[in-house]
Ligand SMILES: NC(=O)c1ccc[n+]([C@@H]2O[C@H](COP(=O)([O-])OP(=O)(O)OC[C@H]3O[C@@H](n4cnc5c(N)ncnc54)[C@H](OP(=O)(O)O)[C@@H]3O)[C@@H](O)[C@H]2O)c1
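One chain follows as structure tokens, the form predicted on its own.
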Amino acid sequence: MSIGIIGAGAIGSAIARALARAGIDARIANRRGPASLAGLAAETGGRIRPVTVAEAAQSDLVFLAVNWSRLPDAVRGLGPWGGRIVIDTNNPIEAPAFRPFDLGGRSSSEIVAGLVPGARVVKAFNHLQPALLAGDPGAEGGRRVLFLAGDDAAAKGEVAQLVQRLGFAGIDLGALGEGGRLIQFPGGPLPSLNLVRFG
């Protein structure tokens, strides 16, 4: 399964480092172009390869890690998605103001799903701080928890397997609308919780 990352900020770069640490190859892209990511590629021993956004979007599984206000422009023209998995790592808030966006009563992942029609969207990798995502998933004799939510059971299964390969403990919170709200920041009760699963 090919893996792409769209967005190379704190979260996108942390995911890239986590993948490389686990020996998993991936492609990464940002709006500044592949040349701007040469340092990250070198740091990861070439496991993370800089490409264009269009190339990253053609992967079987695509991490979407872009500032909320830039999401519509970031995915415009990248379809059709054809059933590919899109992992929504985003939260509807941005620095430096950290004022929440008005979502009109919808969950952020439902909005993301509307931006990538035909994709199988899974909400994940958004509730831990970047340093914890990129660091050792083992803690206190257990494994750090990563929550996930989605409407497609097969897609969630693929993401759960990837979470396990990375060394984390995945916990399925159910459907996108309900489970996604639990890990959405702001508003959900689970963001930023650094939980450890034993056994």
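One-based numbering along the sequence shown. Worth saying up front: this structure is predicted, and the values here are computed from it rather than measured.
Absent from the display: the form predicted in complex with the ligand. The rest refers to it.
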- Item | Partner-contacting position among Val145, Leu166, Leu148, Val53 - heavy atom within 4.5 Å of the ligand in the model of the complex | Val53
- Give a yes/no on whether Gly12 approaches the ligand to within 4.5 Å in the model of the complex, heavy atoms considered. yes
- Query: Is there a non-hydrogen atom of Gly4 within 4.5 angstroms of a non-hydrogen atom of the ligand in the model of the complex?
  - Reply: no
- Tell me, yes or no, whether Ser59 is in contact with the ligand in the model of the complex, where a contact means a heavy atom of each within 4.5 Å. no
- Wondering, does Ser107 line up within 4.5 Å of the ligand in the model of the complex on heavy atoms? no
- Task: Please state whether every one of the three residues Thr89, Ile93 and Leu128 places a non-hydrogen atom within 4.5 angstroms of the ligand in the model of the complex.
- Result: yes
- Task: Sort through 151-159, 30-38, 167-175, 43-51 and report the only stretch with a non-hydrogen atom within 4.5 Å of the ligand in the model of the complex.
- Result: 30-38
- Query: If we check the ligand in the model of the complex, which of the residues in 163-199 reach within 4.5 angstroms of it by a non-hydrogen atom?
  - Reply: none
